[in-house]
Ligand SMILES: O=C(CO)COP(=O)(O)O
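Have a look below at one chain only, the form predicted on its own, in structure tokens format.
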């Protein structure tokens, strides 16, 4: 895929997320790897529903702006994940409704905020560790994510939202959509007698991969 194709893909996928209510206003940001050790990031304060290819931010591995508009302040934690995990080629960060609601609950398991009850959650994400609360843009978010970068595909930022990785931008978006649906089902099923997947069932899914 050429750089222009990657830019156009980011604009299209971001608009799709926005139009379906996964993002509102100027919230959320996307990124992906480009060739030559560069990264494509959505600009600061930009609406995912109103991006243009030529204004997307192009950064080097140190976060220096090479082209486009000023990047999101949260690009720092995107770069931290890329540095630590070579298999991560794209990142979606959203304040989507159900995952953000989940992030605001007390007593979440820090190792996994959503216990598995569907195979799709396990195959797409596996588990959802919780990152302690820091204000948006705080450097400790990057530090926490970098420390956990090799342990999972998605991370819940307490009282904030979600960070989801993928092998490419389409994969990261698909993972995010599956995760948001799992959180929605979690709230629908609250108070019900849920049949959770057993450890053996979860391990079988993990061994089979996607």
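Computed from a predicted model, the values in this text were never measured in an experiment. Numbering follows the first chain given and starts at 1.
FYI, the form predicted together with the named molecule isn't displayed, but the following is about it.
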message: Given the pose of the named molecule in the predicted complex, superimposed onto this structure around the site, is the binding site open or blocked (3 or more ligand atoms closer than 2.4 Å to backbone or C-beta atoms counts as blocked)?
response: open
- prompt: Though only this chain appears here, would residue 126 touch the named molecule in the predicted complex if you measure heavy atom gaps against 4.5 Å?
  reply: no
query: According to a 4.5 angstroms non-hydrogen atom cut-off, is residue 165 in contact with the named molecule in the predicted complex?
result: no
- prompt: Does residue 84 reach the named molecule in the predicted complex, with heavy atoms at most 4.5 Å apart?
  reply: no
task: Indicate whether residue 53 is a 4.5 Å heavy atom neighbour of the named molecule in the predicted complex.
output: no
- prompt: Among 142-150, 60-68, 23-31, 165-173, which stretch sits within 4.5 Å of the named molecule in the predicted complex, heavy atoms only?
  reply: 23-31
statement: Checked 57-86 against the named molecule in the predicted complex; residues with a heavy atom within 4.5 Å, sequence order, are 72, 73, 74
